[in-house]
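The data below hold one chain only, encoded as C-alpha cells and taken in the form predicted alone.
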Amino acid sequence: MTTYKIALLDGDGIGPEIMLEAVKILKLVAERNDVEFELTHAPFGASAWFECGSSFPDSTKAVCDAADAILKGPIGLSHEESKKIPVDQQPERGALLPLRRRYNTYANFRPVYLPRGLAHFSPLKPEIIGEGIDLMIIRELVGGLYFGLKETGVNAEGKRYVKEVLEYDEDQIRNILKVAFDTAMKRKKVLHNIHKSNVLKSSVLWNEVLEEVRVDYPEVEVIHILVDAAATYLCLKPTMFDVMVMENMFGDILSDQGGGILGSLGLMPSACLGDNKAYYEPSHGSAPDIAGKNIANPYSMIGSVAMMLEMSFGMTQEARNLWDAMQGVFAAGFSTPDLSKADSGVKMISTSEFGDRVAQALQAAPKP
C-alpha cells in the first residue's frame, strides 16, 4: 500500500471548518483506493501567530518539509484584528510568501470552471457564458513585484516614500512558460500570453523568452493580449480563453476576477507547484465574518484535494470522480448560504452537509 504524508494547515477564519470536509474526503479516498494518507495538522497564519508567536512556526516548517504535499486553508483576519499582529508577521508577509519561497512553488494553477448547468451562480448573462466557462490561469508565483526589494523611509525633502522592485530573470520566466505550454498541449493547444509590454520592460523580456520557448511547441497557437484588455474580455467573452499565462501580480488580480465571473472565489481551488514540493489551497480568503457558522461552502477546499490527487499523487480518475461528485451536489439543487440567496430557489445546506453529500456521491462512483 502506498502511503502519502500530507501537511494540513487549517489557517484562519473558515479554514478549520472547510478543512474538516477535506479530511472527510481524504479518508474516503483512502478507503476506496490502495493508499494511506498520513494527515498532520500544523498551525499557520494569524492563528499561529497568536498561538506560537510566529505565523509560520519552525514546527510547521518541519511538518511541511516532511510532507509529500501540503493542503492549506485560507489565512488572514479582519483589518482591525490584523493590526494586532506586527506588520512583517501578518499572515501574507509572515507565512504565505515565506511558504512559497521555501518550496519555490513557482507555478500556480487556478481553474475557472463553470458548466452550463451551474451558470446561475455567475453574474454574467447566459449568452456570454454559452455552453460554459472552462479556462486555466497559470500564474508565476515566486517572482515579480511581490518578492522584489522593498524599501520605505523619508527622503531628503522630508517626505515619506516607498520603493518596491519588480524583478524577474530569464530562468524564472522560462520555467513558468514551459509549464503553460505543457498545459496548453494537454488542452486545446491555445495559449493566451498576458503582458503589458507597451509600458513594462519586464513584459518585454517576458515576451522575448516566450518567443524562445515557443519554438519547442510548434502545435500551440500563441495569442498575445495586454493585461487590461484581458480583464475586459474575461467579462465580455470568457469562452475565448483556454490557458492563460502571466506574471505574479497580473495573475493575482485576474484570477480573482475569474472568481468574480463564476460568482464567487468560493468556486476556485488552486495548486501551487514547485519542482520538489506542492501545496494546494482555496483561492479565497478566510471570511472571518462567517467563521464558526457552518455556512461556508467547502467546494474550493475539496477541489484543491482533487487537484492534489491528480497533480501530486497521480490519481487522475479519482480526482475526476471527486469533481463530478461536487458538481453533482450543485446540479441537484443544493448550495450553501455564502454562495446563494435564500430566494434563489436552491436548497440551503450547511458546510458539513455539503461535505456529506459530496462524500455520498463519491462513494457511489465506480472505484478507479
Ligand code: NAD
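This is a predicted model, so every value here is computed, not measured. When you see a residue number, it is the position in the sequence shown, counting from 1.
Beyond what is shown, the protein has a form predicted in complex with the ligand; the following relates to that form.
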Review point. Among 88 to 96, 194 to 202, 217 to 225, 173 to 181, which stretch has residues whose heavy atoms lie within 4.5 Å of the ligand in the predicted bound form?
Key: 88 to 96
Review point. Are Asn108, Met246 and Gly274 jointly within 4.5 Å of the ligand in the predicted bound form, each by at least one heavy atom?
Key: no
Exercise for review: With heavy atoms only and a cut-off of 4.5 Å, decide whether Asp338 touches the ligand in the predicted bound form.
Suggested key: yes
Review point. Applying a 4.5 Å heavy atom distance criterion, does Ile137 contact the ligand in the predicted bound form?
Key: no
Point to revise | Residue contact check: Gly143 to the ligand in the predicted bound form, 4.5 Å heavy atom | key: no
Check your understanding: Just to confirm, Ile14 within 4.5 Å of the ligand in the predicted bound form by heavy atoms?
Key -> yes
Study note, to complete from the structure: Among Gly258, Gly251, Pro269, Pro74, just one has a heavy atom within 4.5 Å of the ligand in the predicted bound form, namely Pro74
Exercise for review: Report the residue, out of Glu151, Asp289, Glu212, Glu167, that has at least one non-hydrogen atom within 4.5 angstroms of the ligand in the predicted bound form.
Suggested key: Asp289
